[in-house]
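The data below hold one chain only, encoded as structure tokens and taken in the form predicted on its own.
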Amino acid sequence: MKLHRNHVRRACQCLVALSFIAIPWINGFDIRIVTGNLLSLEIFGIPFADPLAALQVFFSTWSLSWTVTIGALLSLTLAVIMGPVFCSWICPYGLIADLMQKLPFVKRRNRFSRGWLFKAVVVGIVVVGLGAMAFPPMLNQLSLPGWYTRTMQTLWLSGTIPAGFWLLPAASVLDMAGGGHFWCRYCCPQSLLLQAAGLVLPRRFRVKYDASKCICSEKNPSPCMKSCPYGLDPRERKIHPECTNCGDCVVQCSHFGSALSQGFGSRK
């Protein structure tokens, strides 16, 4: 069987999801190669932090530890080079949302294509409010990867399920009703800074389109557009902030002339 990149992506998602079930258990034996959760993580002593969580802490306290600063910058650097790949390759809820899209009664697309703008306005208001009112990092309460990993930690430590866990099934219901990764597009605040960072480099890792190979140019929606979890058109020349470089469009296009590919650089 030929190994497609979507098989590799799915394996990566499953590995991450299973790892955060095992990490609290391994830490219980005082083995601390990897510690933390998807809001703040250390791998072999190298910190990784959610940039939005770090930003909220800074606006709430007007201070930030070097560990969190470095962790947030490392996460943003990955997004600058690769785009918001965290959403499609690492986020445990991304795996759940992808699987939800496989259900026959869930529609794959929604029409509103500027979800990131909507989120930017809401998140901007909240972050400014944090600075003005000295509130704690409230947006962390909407972090589904955060609650997935914190739930595993709480289960191992106390045998209880935190209230935030129930946000996961609630988001799944929204996805079923709205389609097209509804929660990820319109509600998840964590992806916003990663999406913005992905717009910094014009020649970063991206989906590339060669019109001379396209045999679906007259089709709208095209097969590649139908395969996109967010309903984006991969043939557009601009870098769309919501494109997570999942590669599903490239795999689909390989059956229709291989006009799409992934790599560094601008489109031809």
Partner chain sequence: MSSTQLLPPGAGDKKRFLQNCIHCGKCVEACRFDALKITEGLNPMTAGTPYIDPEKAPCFLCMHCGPACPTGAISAIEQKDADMGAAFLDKNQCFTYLGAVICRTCFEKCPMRNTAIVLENGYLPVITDQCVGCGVCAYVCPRHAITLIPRERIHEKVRSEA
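Numbering follows the first chain given and starts at 1. If you're wondering where the values come from, they're calculated on a predicted model, not measured in any experiment.
Below, we turn to the form predicted in complex with the partner chain, even though it does not appear here.
Contact with the partner chain in the predicted bound form holds for none of 13, 77 and 87, as no heavy atom of theirs lies within 4.5 Å. Contact with the partner chain in the predicted bound form, judged as any non-hydrogen atom within 4.5 angstroms, is confined among 97-105, 139-147, 188-196, 78-86 to 139-147.
Of the heavy atoms in residue 41, some are within 4.5 Å of the partner chain in the predicted bound form.
A residue is said to contact a partner when one of its heavy atoms sits within 4.5 Å of a partner heavy atom; residue 36 meets this definition for the partner chain in the predicted bound form.
The partner chain in the predicted bound form is not approached by residue 218, whose heavy atoms all lie more than 4.5 angstroms from it. Contact check for residue 178: every heavy atom lies farther than 4.5 Å from the partner chain in the predicted bound form.
Of the candidates 170, 117, 128, 163, 163 is the one whose heavy atoms come within 4.5 Å of the partner chain in the predicted bound form; the others do not.
Scanning 237, 213, 32, 203 against the partner chain in the predicted bound form with a 4.5 Å heavy atom cut-off leaves one residue, 32. Contacts of stretch 194-222 with the partner chain in the predicted bound form, defined by any heavy atom lying within 4.5 Å, are made by none of its residues.
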